[in-house]
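Below are two forms of the same protein chain, given as C-alpha cells: structure 1, then structure 2.
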Structure 1
C-alpha cells in the first residue's frame, strides 16, 4: 500500500503513531504501462546520457552535474524514499516511515531482506552513517533541512530515527533525492566503488561510461534486464546521432530538437514527461543590480514566455509563472499568469533608477539542451525594453565553482518539480543550503514553516497558496517555462519510467522485447 502526501499529513495529525507503509522500490508506481506485452527477462540496455569529463563525480553524496553520473549512482544505490506516479513519496530502501504526533520525529524502517551487493545485510547503523556523511557535506543542510547530524540515530537494527528542529510533515519527501546508502565506515578512497543496495551493481566505470549488472537479490522486486551500458555524451546532438544510427537503445533527456527530428522516424519512440525540467533565470536579491524588487518584477514582465516555449523548447513544454514546483498537486493555478508588459517593465525600471547604460552579464552553461538558448533569447527580448544583456557561456565546472549560489544573474536547471515545498526548503528559505538567489524574506519563511507544520489538508493547501503568492511576487526566480522530459527509445524498449526528475532514472522495470 502506498501513501501520498495528503495521507501522510492526515496520519501525522490524526493518528500519530500509526505506521505509514509505503511500497518498497516505488517500481509499480513509477513505470509506464506501455502495451508491450508481458515483461521478459534478459538483454542489455544501451542508454545514452549527457555529461562532461570535467564534471565527473563518483561520490553518491557529491554534486552530480552530469546526468550520466546521476543515472549510474541512482541505479547502484537506493535512497530511503523515492517519487511515485500516484503518490509523490513512496518507500525505496525504507519499507515504512512513521511520524510522531508533533511531526518532529520520523522513524524509517529498513526494508526486509535488503542487502548490499556483496551480500552484507543493511543495518540501521549503515543508514545512520550514510545520512550523517550526507549531512556533513557542504550541501547537507539543503539535502536534510532542519536535521543536524547528531539527530540521526539508530533504534535497533532496522530503524533509523530522524529528529527535526521543527515540525515537518514533508520530511519523507525531502529524503527522496540524495539519501544514497553505503556501508558504514566506507573509506573515502573506496567511495567510487562502494557496494550499493540498488537494482544494479557496478561492473566497471571508465571515464563517464559504465556497465551495470542485474542485482539478483534486490529487495525491491524482480529486475528484468541482464545489464545496462551507460554511455556519456557531451552534447545532445552527439547523443541523438548515436540514437538515429542504432548505437544506443535509449537517448535519455535528449531535448526538443532531437524529438522533433525523431518524430518523423517510425523506428524511434518519443517518450514525453510533462513538468520535467525547470530552467529559471536566477537574480541575486541581496545585492547588485537585481536587489531592488522592482527590477526583478520588471525582468519577469520583459520575458515573452510563449515565445520562449515555442522557440527554445520547440513547443515541447509549457508556460510557467515564476513559481517552482509546477507539478505539485497543490500548485496555485489561481494566481494570475504573468504576461509580457514592456511599458510596465520600463516604468518599474525607471522608478528603481535602473542603469540602462550598463551591460549585464547573464551566465549560462550548455549542460542541458536549451539552457544556453534560453539565455540568448531572453537577452534579445530584454533589448526591446532597453536592457542590455550579454550572455556568457561557462564550462560546467567553472559555473559551479564561480557562479552558482554567487552570481548576480544566471540560468540554472532543476529536474524535480512535483513539490513547491521541495524548492522552498532547498533554495528559498533564509537558511536554505542552496539559496541560489540569496533571498531572505521573513514572511516567506513564516509561510514555509506554517505549511510544513500543518496537518490538516485543507489548511495546508491554503497555507501553501500564501507561500506561492509571496514567491510569485518577490523571489529571485524568473521561471518562464517548463520543459518536457524527452527520451528517445527503440521500439524494443518497454517499461521506461514516466516520472520526471529522479523518477526517470529508475530503470528496474525496463525490459527488452525480442
Structure 2
C-alpha cells in the first residue's frame, strides 16, 4: 500500500481532536456554545459520514480513505496529542509532553487512569509498540517525521521517549498523525476488534456502518451519549437527503449547497466550522510551463478570489493568501492580501515569454463539493487574461495515480488545516513525502529548520513569518480560499465540535436534548 495524500489528510486532521479540551480541563470552548441547558446523559446519536465501500479499512495505522472509518477509529482509539482551539496542540492520551533543552528528546507522560476497554491499564510499552507499528508502515516516515523506530522507547511505566534526528520544537504537533494507541502485541488478525482507549467502544461494524457504545471508564472525562451509530454514505447528496428525511441526526461535512437547502428548514441546524478546508491549485515548480516563478505569480494575480469564494463556496468560506495553514495562531496576517491584477499578470507573463497560444490543462476531481467548480471558474477567469485553460475532470482513482504529485497543474484539497509548519513539513520542504508542486527552495528549507529548532515563542513567530513570506512569494500553491466545514444537525443535538479539520470526529461532548 502506498501512502497517499488522502490518508495523511484523514490521519493528520483527524486528530483534530480537540474537543478533548474539555476532558483535559480546558473548558468547553472547543464545542459549539449553543444554549441547550445542562448536558443530559443518554440517547443514541445517528451520524452520517462519507465513505466508499471499496476503501473500507479497520486498521488504525492503515490508510483511512473513508471519513466514516476514520470517525469510527477516532472514537475507539485515542491519539497521543490533539489540535486545540487555544493551544495548537493539547494532550489526549498523553497528559503532558516536555522537550529536552536541545529540542531533540521529547517525553510524553500517559494520562492517569487511562485504561483499555477491557480494563487493563495503558502502559508505556503499549504506546511504544503502537508507535513503532505506526512507524513501520510504508508511510511511517511521513507520519512520525525524523523519528526512527529505535528512537521510540519506554521510560518506566508511564513515560514514552521520542528522540528526533534534529531539533524539533513542533514534534508533539507532528506526532498527531494517526498515533492511535493499541494494546501491545495485538495480533494482526484481531486488529479490527482490538480494544482501544477512546471514549467509545465498538459494538458492531458491518460494511462501513458501525455502532459504538459509551466507555464508562474513559480517562478523558464523562461521556454523555449511550451510543453512536455511524452510517456510511457514498455521496454528500445522499447524506443530505437522509438528513432531510430525519434518518440521521448529524450529517458530517455535507457542503455549502446542502446547508443552503437546509436553511429553509427550521428543524435542521447548520454548524459552520470556519477555516476548515484548503482548496489550492497546484502548479509544478520543477518543470513545465509553471516552472518560472513569474508565471506562478501571474496566476496568483489572475484569480479573482472574492468571486471564487462567492460562486464556488456559496460564500461559505474566506479568501486566502496562498499560504497554507490559515488556522495557525501565528499565521502571518501582516503579509498583504494578493488581489486580482490582470495588467500586472499579463506583464509578468510577457516577461516570462509565456506561450499564450497553447491550451493548458487543469486536472480536477469531484471528490469534494466545489472542487471541479473551482477549476471551471478559474478557467473562465484565466481566459480574461488571455490564458487558455481547459478543465479535465478525472475519476478519483486516476487522479491519485496519474496526476497527484506528478501533474503540472491541478486542483487539490487538504482537510488538515492545522498549522503552517504542518504543511511546510508535509508538502513544501525539499523531498517532503507529499511535495505536490515538487518545490525545492533553499531559503525555505533553512527557514523551516530554523522554525522547528526555535523554542522561544517570539523568535519562533518571527522565523515563521519569514517562512510564510517565502511561501507567499514563490511556492507552487495558489490558495484562493478556505472552505468552511459544514455539518447539518437536528436541533436536539448539542455540543457538536466546531474545530476545523477533523475536529468534527470528536463526539465525546455531544449530548441529546429530550
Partner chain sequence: MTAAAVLDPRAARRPRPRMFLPVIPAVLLVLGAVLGPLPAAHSVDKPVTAPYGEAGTDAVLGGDQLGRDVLSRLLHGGSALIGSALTVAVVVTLAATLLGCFAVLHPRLGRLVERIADTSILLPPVLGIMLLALAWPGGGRLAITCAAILLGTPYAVRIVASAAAPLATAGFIEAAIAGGEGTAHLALREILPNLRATILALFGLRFVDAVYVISMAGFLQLGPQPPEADWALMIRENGPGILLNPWAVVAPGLAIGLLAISVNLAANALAPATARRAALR
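Every value quoted in this text rests on a predicted model; they were computed, and no experiment measured them. Residue numbers count along the first chain shown, from 1. We call the rigid core the largest set of C-alpha positions that still match within 1.5 Å between the two forms.
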Quiz item: Two forms of the same chain appear here; which of them is the form predicted in complex with the partner chain?
Solution: 2
Quiz item: Quick one: core overlaid, is residue 398 moving 2 Å or more at the Cα between the two structures?
Solution: yes
Self-check item: Core-aligned CA displacement of residue 243 at least 2 Å between the two structures
Solution: no
Quiz item: Taking the rigid core as the frame, does residue 200 move its C-alpha by 2 Å or more between the two structures?
Solution: no
Practice problem: Determine, in Å, the CA shift of residue 479 between the two structures after the rigid core is used for superposition. | Solution: 2.7
Practice problem: For residue 347, tell me the Cα shift between the two structures once the rigid core is superposed, in Å to one decimal. | Solution: 6.9
